[in-house]
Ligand code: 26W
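Only one chain is given next, in structure tokens, and it is the form predicted on its own.
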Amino acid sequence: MPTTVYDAEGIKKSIVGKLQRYYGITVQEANPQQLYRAVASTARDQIMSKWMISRKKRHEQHGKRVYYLSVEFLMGRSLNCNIINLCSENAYAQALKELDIDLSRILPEEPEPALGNGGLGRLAACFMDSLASERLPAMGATIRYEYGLFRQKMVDGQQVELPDNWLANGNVWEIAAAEDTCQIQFGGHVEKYMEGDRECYRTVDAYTIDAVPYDMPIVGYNNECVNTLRTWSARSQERIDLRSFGQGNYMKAMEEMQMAEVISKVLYPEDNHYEGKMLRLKQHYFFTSATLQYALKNFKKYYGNNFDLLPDKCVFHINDTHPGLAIPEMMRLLIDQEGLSWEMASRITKRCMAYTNHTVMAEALERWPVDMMQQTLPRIYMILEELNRRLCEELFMAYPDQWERIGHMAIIGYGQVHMANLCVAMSFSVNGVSQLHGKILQDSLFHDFYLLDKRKFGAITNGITHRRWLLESNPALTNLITEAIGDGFKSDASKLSELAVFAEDAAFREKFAQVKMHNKRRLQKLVKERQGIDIDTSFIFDTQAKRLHEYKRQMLNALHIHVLYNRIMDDPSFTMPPRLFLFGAKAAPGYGRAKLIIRYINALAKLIDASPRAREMIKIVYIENYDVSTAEVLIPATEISQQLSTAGKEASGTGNMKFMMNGAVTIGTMDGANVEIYEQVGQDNIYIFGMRSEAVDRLYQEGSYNPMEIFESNQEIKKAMSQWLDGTIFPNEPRTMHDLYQALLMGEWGNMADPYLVLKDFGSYNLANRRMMEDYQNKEKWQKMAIFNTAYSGFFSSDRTIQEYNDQIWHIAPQV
């Protein structure tokens, strides 16, 4: 049992003691990094005692556990959130005050774990929080990326990628679990041999590396449940070739180690070349194989070889297609390692695997070249071939002689391994992440599979953890809400609906507006400190912050700003409410067009700043290196949330929910979870524009869309886009924007022009912006809208999402 009492006095003693033992210094002598480590280690000690008890209870209950497999977890900093989930804010606040330690000064000393990039990873992080808070036994599994994606820097308006060495000072929250190290094999060839009358297979001459696990505790809110996020690090079994080293061939001596450990170096290595694609394949197999090996070892410790029990004790959730190799890997382990028959292994595997699809975008539905799979994972490829043969036999019975249809559904077809087909065919559950997305999966993307087994398909709307995105990131609003309706919403976000009646309270509206101004000043300070840019808090704060991709349509936002600029410059009588346009997004290093959009946005910012008249009404700030801690300041300050994806392309989105929860009003398409935000707040509290997903599908099918007609008929669009090429935007490089110009008006390489319908939706977007600006000037109306958005955001808590996953898919008994 713990020997430390975690009241204010106990916390003080722990911090002082750690500074003495770790560094031989006093509180007054310690620098911010040392203070952070002392405070974080104290919180970790508190968590460790809970973790120990939680593991003991889980083992005693012998219940079911979910293994949540995701190639990324965008966790954010842990210290403040852990203190909140421990319900120890007051004790730590008192202890730190008495020690004269400023928590806000030491929090930035914690490195952001570079384990994720965008919405997929952030959702996984929210799910881990809610799984623990709902007392559901779970282990998250991913790679311990040494450098993550990259740190973004703007140089002359262009994105530059720098290494994100987040582990330079270690990670206070992780603990190595060396006893669970396992071996992963790549390459070699498969040999068949006989054991009695049983055909067996083994891989020989393979290259073997170690997968070393590091565990981070995930604390439930105000309970005794602590789950685990396990990250796997690649290590060479041969640390150094001493013979080569002794001969003076130092590079060769280290070569094997470096080649092995590159697997856990970076998130999403560039895959526009063969080597990069193969590295991604190795990464995906690496962490899924390691996790399954651990899970089976743990299962056998309690249940021996009674593998019929496995689906009752373990569920493996495949978060998008990246971990889909868990399916053939489970087959391999059960057949080759445990000696099960193909039929039994297949039956067990299907009952263990659940799949969430997160996108309809073709480039994200992973496909691997057959020769690459054969070369890298020969035994896995053999299993995939047999899975494919049996699937095609079943499909032929359902769709006789419909070879094209069967080819479209096959696991292996046209020289590629189709991971989405594998996941759908071999999982007992397939779900979308919003109601619209679920319908698209059933009606379009996986329609033929849906016709075969409708019961396995469903939709569960995404959610966010309000403990991070409200309690932690917006303490001023949290305090105001607590003052109004009590603190029940902290554990049950649905209670936020009690806030709706306060929209009619003028005094509350004024306090709500004061909170927003406080948060705008916080962001003003951050932008000044980080980028040296002055922003005016009297401007409307209008934000589009998400991964940079053409379908998310940062381009639509930028083109509209360009048109507004031209209106200001062309019409001396034109005025508009001063508006600050904030962008936050990283573009994948190899995604040239996305990086060009960033250049365009920054060039527009420079053009506007150069005009004394324009800069009185418009300012653009591109936030560098957008990450979780930046979002925690940006989102509470935002008044307008831009959610502009082409209808039918965004599976859900979660940024839309975070902005809504913090009192921002959405302007967006009827896409993803925007549809459900619209249903929650009503049409008077959101600005919807653009084509609906059904109309978009019809337009694609008809193939009659001609953006050139819009260009010729809309003079504002024509002028702005013509300025892309006449030197207005890039005076020294007037051809810079030619690629975007061509893509929007003429298309290229056989692709349709303006595939994401930027010009098609521009007119509707423009009108929605005008309505929004008129409403913003009515302060009473706007404040009511903002309050309603916060009040009705409780539905989008990830606690509700996880409850639905458990009710519909996992069926895990909560830890008692």
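Throughout, we count residues from 1 along the sequence that is shown. Owing to the predicted nature of the structure, the values given are computational and were not obtained by experimental measurement.
Below, we turn to the form predicted in complex with the ligand, even though it does not appear here.
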**OP:** Backbone and C-beta atoms within 2.4 Å of 3 or more ligand atoms means blocked; with that in mind, superpose the ligand from its pose in the predicted bound form onto this chain and give open or blocked.
**Re:** open
Original post:
Can any non-hydrogen atom of K595 be found within 4.5 angstroms of the ligand in the predicted bound form?
Top reply: no
Original post:
Do H322 and the ligand share at least one heavy atom pair within 4.5 Å in the predicted bound form?
Top reply: yes
Original post:
So in the predicted bound form, does any heavy atom of D570 sit within 4.5 Å of the ligand?
Top reply: no
Original post:
Taking heavy atoms only, is S652 within 4.5 angstroms of the ligand in the predicted bound form?
Top reply: yes
Subject >> Candidate stretches 485-493, 735-743, 114-122, 324-332 - the one whose heavy atoms come within 4.5 Å of the ligand in the predicted bound form >> reply: 114-122
Original post:
Which of these residues, S133, S427, T359, Q643, gets a heavy atom within 4.5 Å of the ligand in the predicted bound form?
Top reply: T359
Subject >> Listed residue (S473, S289, S264, N462) with a non-hydrogen atom within 4.5 angstroms of the ligand in the predicted bound form >> reply: N462
Original post:
Which residues, if any, of 276-307 lie within 4.5 Å of the ligand in the predicted bound form when only heavy atoms count?
Top reply: R280
**OP:** Work out whether the Cα atoms of G188 and E270 come closer together or move farther apart in the predicted bound form than they are in this form, the change being 3 angstroms or more.
**Re:** farther
Subject >> Direction of the Cα shift between P323 and H273 in the predicted bound form, where the change is 3 Å or more >> reply: closer
